[in-house]
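Below you will find one chain, with nothing else, as structure tokens; this is the form predicted alone, and questions on how it binds or moves follow later.
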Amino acid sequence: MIKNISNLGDAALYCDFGKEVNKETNSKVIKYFKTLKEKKVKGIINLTPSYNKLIISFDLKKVNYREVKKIVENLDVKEIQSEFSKKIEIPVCCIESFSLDIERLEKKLSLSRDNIYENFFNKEYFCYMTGFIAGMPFLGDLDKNMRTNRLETPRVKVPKGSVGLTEQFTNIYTFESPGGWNIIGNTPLEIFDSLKIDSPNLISPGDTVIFKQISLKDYKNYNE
């Protein structure tokens, strides 16, 4: 399943699964990621999955490149079971003050906001990876008629909890951050909680996400 394994600096492996960015390729990445995570291999200190790559960092005092490469090459990833992945419902409020780019999307996509929201909320999304800011999930795949580019001028501050669209993906801003995604709503859920040391991410690679539209009243009352 891995196309190529190479060095990444002195203490990391770069596992390349191919150029394609799709669920099939990413599922292979996640199988290796979750298998290695569950096995808790001695010397491996960090695993970083992306759309089609996996970076494996290791402690040179405990293991070397050849040993880790051999472990990866001989890894049995067929045992991954469905219970490792979760289906998560994310509430989203789409009032005007939260849906910062809905008018832009109407023009770019040539769709009404009702059609945009109907399409968005009637799909299930697959988590390819988390990153950019801590715990931010990259979720695919948007229908082709829902895909557009980032903002020409990124915002200096995107509010925490913002739900955005760009190209084939949707994401959720886990912290206030600069960003250029097209914002269509906001969730009251805590997507990343640093106090949960063992599992700070609500959404992990391989999980399935469904979004549910809620009112402002429900949004305000959600965490009470």
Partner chain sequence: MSSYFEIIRAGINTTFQDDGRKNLYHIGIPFSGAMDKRNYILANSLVGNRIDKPVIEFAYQGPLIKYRGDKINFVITGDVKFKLIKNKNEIDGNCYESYTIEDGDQIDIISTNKSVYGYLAISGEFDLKFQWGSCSINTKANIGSNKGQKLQSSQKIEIQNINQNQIKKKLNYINTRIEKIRVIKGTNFDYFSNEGKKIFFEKEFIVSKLSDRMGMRLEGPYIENIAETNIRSEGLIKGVIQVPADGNPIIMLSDHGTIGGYPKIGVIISADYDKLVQLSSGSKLKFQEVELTDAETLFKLYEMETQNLISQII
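For the two forms, the rigid core is made up of the largest set of C-alpha atoms that agree within 1.5 Å on superposition. Positions refer to the first chain, counted from 1. Nothing here was measured: the structure is a model prediction, and the numbers come from that model.
Just so you know, the form predicted together with its partner chain exists too; it's not on screen, but the next bit is about it.
Quiz item: Can you pick the stretch from 156-164, 182-190, 23-31, 41-49 whose heavy atoms fall within 4.5 Å of its partner chain in the predicted complex?
Solution: Correct option: 41-49.
Counting only non-hydrogen atoms and a 4.5 angstroms cut-off, does Lys61 reach its partner chain in the predicted complex?
-> Although its partner chain is absent here, Lys61 would touch it in the predicted complex, with heavy atoms inside 4.5 Å.
Query raised in the report: Lys70 near its partner chain in the predicted complex, any heavy atom under 4.5 Å?
Result: Heavy-atom contact with its partner chain at 4.5 Å: absent for Lys70.
Margin query: My question is simply whether Phe121 lines the interface with its partner chain in the predicted complex - judged by any non-hydrogen atom within 4.5 Å.
Written below: No, Phe121 sits far enough from its partner chain in the predicted complex that none of its heavy atoms falls within 4.5 Å.
**Report entry** is_contact(Thr35, its partner chain) in the predicted complex, heavy atom dist at most 4.5 Å
**Finding:** No, no contact at 4.5 Å.
- prompt: Using a 4.5 Å cut-off on heavy atoms, which residues of 1-35 contact its partner chain in the predicted complex?
  reply: Counting only heavy atoms within 4.5 Å of its partner chain in the predicted complex, the contacting residues of 1-35 are Ser6, Asn7, Leu8, Gly9, Asp10, Ala11, Ala12, Tyr14, Val21, Phe33.
Practice item. Verify the C-alpha shift of Lys157 between this form and the one not shown: is it 2 Å or more after superposing the core? Key: No; Lys157 is a residue whose C-alpha shifts by less than 2 Å between this form and the one not shown when the cores are overlaid.
* Asked: Relative to the superposed rigid core, does the CA atom of Leu47 travel 2 Å or more between this form and the one not shown?
  -> No, Leu47 moves less than 2 Å.
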